[in-house]
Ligand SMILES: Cc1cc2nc3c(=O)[nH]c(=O)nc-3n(C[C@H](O)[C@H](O)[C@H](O)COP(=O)(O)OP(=O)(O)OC[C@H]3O[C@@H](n4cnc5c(N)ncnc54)[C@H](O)[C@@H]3O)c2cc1C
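Below you will find one chain, with nothing else, as structure tokens; this is the form predicted alone, and questions on how it binds or moves follow later.
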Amino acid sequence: MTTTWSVLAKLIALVLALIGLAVLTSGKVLPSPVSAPSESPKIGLYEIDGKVTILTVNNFNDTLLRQNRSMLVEFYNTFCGHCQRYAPHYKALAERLYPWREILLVAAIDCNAFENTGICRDYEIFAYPTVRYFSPDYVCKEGNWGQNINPHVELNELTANLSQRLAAENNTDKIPNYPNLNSLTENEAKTLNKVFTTDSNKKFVILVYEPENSTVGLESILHFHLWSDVQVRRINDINLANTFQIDGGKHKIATVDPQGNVVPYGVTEDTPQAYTATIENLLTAQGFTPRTVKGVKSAVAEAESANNESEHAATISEVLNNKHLVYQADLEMAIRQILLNEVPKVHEINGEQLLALQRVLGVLQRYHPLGPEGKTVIQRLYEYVLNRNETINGAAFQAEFDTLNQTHGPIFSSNHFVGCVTSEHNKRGYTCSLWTLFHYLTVQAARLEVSNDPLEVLTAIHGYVKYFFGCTHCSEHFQAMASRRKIWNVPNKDEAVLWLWAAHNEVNERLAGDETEDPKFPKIQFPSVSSCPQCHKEQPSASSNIATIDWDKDAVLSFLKNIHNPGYISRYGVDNDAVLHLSLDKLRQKRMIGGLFSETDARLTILLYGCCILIMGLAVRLVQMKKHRKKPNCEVLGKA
């Protein structure tokens, strides 16, 4: 008997060893964490060497306050599709106004960058993009956050409006070296030679006829402000213009030299661009050039190292090979953006907005993907907000989070995107991670059944998007879609999971092929056939859309619950695994194929199953051998 159990023990030990080996070899070893630059000023939507001056908290006040020039500042969010579409127009404006830069500087600040949150909150930025004009000698004070400019007018109209605004401020006699934007008077015309006696560097006075309802003269003055050899003046009175051989028809420009010689010129068309082109040709022919200007230093991010670029490429490759994995890093980036940027940017949080924040934090504290310290911080933050029944200041909210994070944290294991990584600057990122977090929350609510309210997560999502999401255009689309899709009629939590899935696919269909789309990560109807074959009742065609795909919604629901199961969240790229719950997943990375196991898992299961059958057969054989063993004849032995 002892021999039998000894053999069985050895066989069991062998199986356990095989199982251990299978666990260790069934998945790939986690790759090295992906690191990315942090706490550095963002370049955002604009190039370092472009004509738009890049602002951050580090240079904002020094560039804006108490300056002898005006400023035009765009407050934007990098993840906002509307801002991304507007950026080329703002760049074109900055290019057009670049010769004006001593008089009007064109700049932009990214409100999506954590370090700029306080600036955007203090200037009460509620929508993106917001463009504001600031007069010379501007000082920030209550109720004076700059003058809103409609950014969506045509470029020529906006340029004309800005030139008129500069002229109306009449700073010619207030600010040294400020151009004279006033119309030439009759007395000034008689003493035009004073220009040359006052400034010996001046070689010409250029007179531009500016008829009523035109800004060709103003824009010409501003355009050539940096050309020290000339002074440009505008004439509104045609009779006065005639004295300089300007007839308003064939001749609309005239040059006057120190000897009083007048030469008239014509222009090809009545546009500011035609006038400035004509004048510039005259000046360059004389060998004149604009003087150099000490530029305003943009706050820019340091260039990525070659090592970081290779890690970025490795992350893209990882995600392309595992297109439906959910990554811990992305879930955390969404929460980080909510708590450190979106909510703190709001100056005063009260009423419906405060209720929406309470609901968001309530859902997060029940279903968050963070570790033990994260659970504590979210719970305390939720309690803090619940105890503020009237108003919360965005700055106070941020201070409370910082205190809790310093006391109980850190709560985040990474500070970069993985599954939401972008192959092109400012694509995907936060919006992708926010959708990922929303899906995760609906699945956890359905799995755990902590609350009986089927709408708890959808209500929180709707409130967050309505009151806090930084892309106003996106928020309006989502609210309209929610109403059309009857979000408030969702009957249970499984249907809530499917409602959000269908809504996300509708957004993907609307934005597919949009200029904001990342070319390596096109917006598709999810899940694809390759990710979940059983989710499609039949093979969709290349032109299939959300209305024509024949979905198996039970399979879709199972798939969504599977990939958002906390046990299968990938920790690829996590920097600080210690802040998370212990998990066997940190030893392996699974590539899900629409079911519970990977192909390797399936093969190993078959192998182990075969080993178990073999062991059971050996055990039965040993028992049978014991039964047939010949017993000693006691009677014969006794007689002997």
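Fair warning: this is a prediction, and the values are worked out from it, not measured in the lab. From 1 onward, residues are counted along the sequence shown.
Quick note: we don't show the form predicted in complex with this ligand, though the next part is all about it.
Option from 503-511, 448-456, 108-116, 392-400 whose residues, in the model of the complex, bring a heavy atom within 4.5 Å of this ligand: Of the stretches listed, the one contacting the partner is 503-511.
4.5 Å heavy atom contact, residue 96 and this ligand in the model of the complex: Judged by the heavy-atom cut-off of 4.5 Å, residue 96 is well away from this ligand in the model of the complex.
Exercise: residue 432 in contact with this ligand in the model of the complex, heavy atom 4.5 Å: Result yes; residue 432 sits at the interface with this ligand in the model of the complex.
Touches this ligand in the model of the complex: residue 428 (any heavy atom, 4.5 Å): Heavy-atom contact with this ligand at 4.5 Å: present for residue 428.
Heavy atom of residue 225 within 4.5 Å of this ligand in the model of the complex: Although this ligand is absent here, residue 225 would stay clear of it in the model of the complex, with no heavy atoms inside 4.5 Å.
Proximity to this ligand in the model of the complex, single hit among 246, 465, 181, 490 (heavy atom within 4.5 Å): Contact residue from the list: 465.
Answer option from 339, 158, 256, 474, heavy atom within 4.5 Å of this ligand in the model of the complex: When this ligand is considered in the model of the complex, the option within 4.5 Å is 474.
Triple contact flag 436, 439 and 521 to this ligand in the model of the complex, non-hydrogen atom at 4.5 angstroms: Yes, because 436, 439 and 521 each have a heavy atom that approaches this ligand to within 4.5 Å in the model of the complex.
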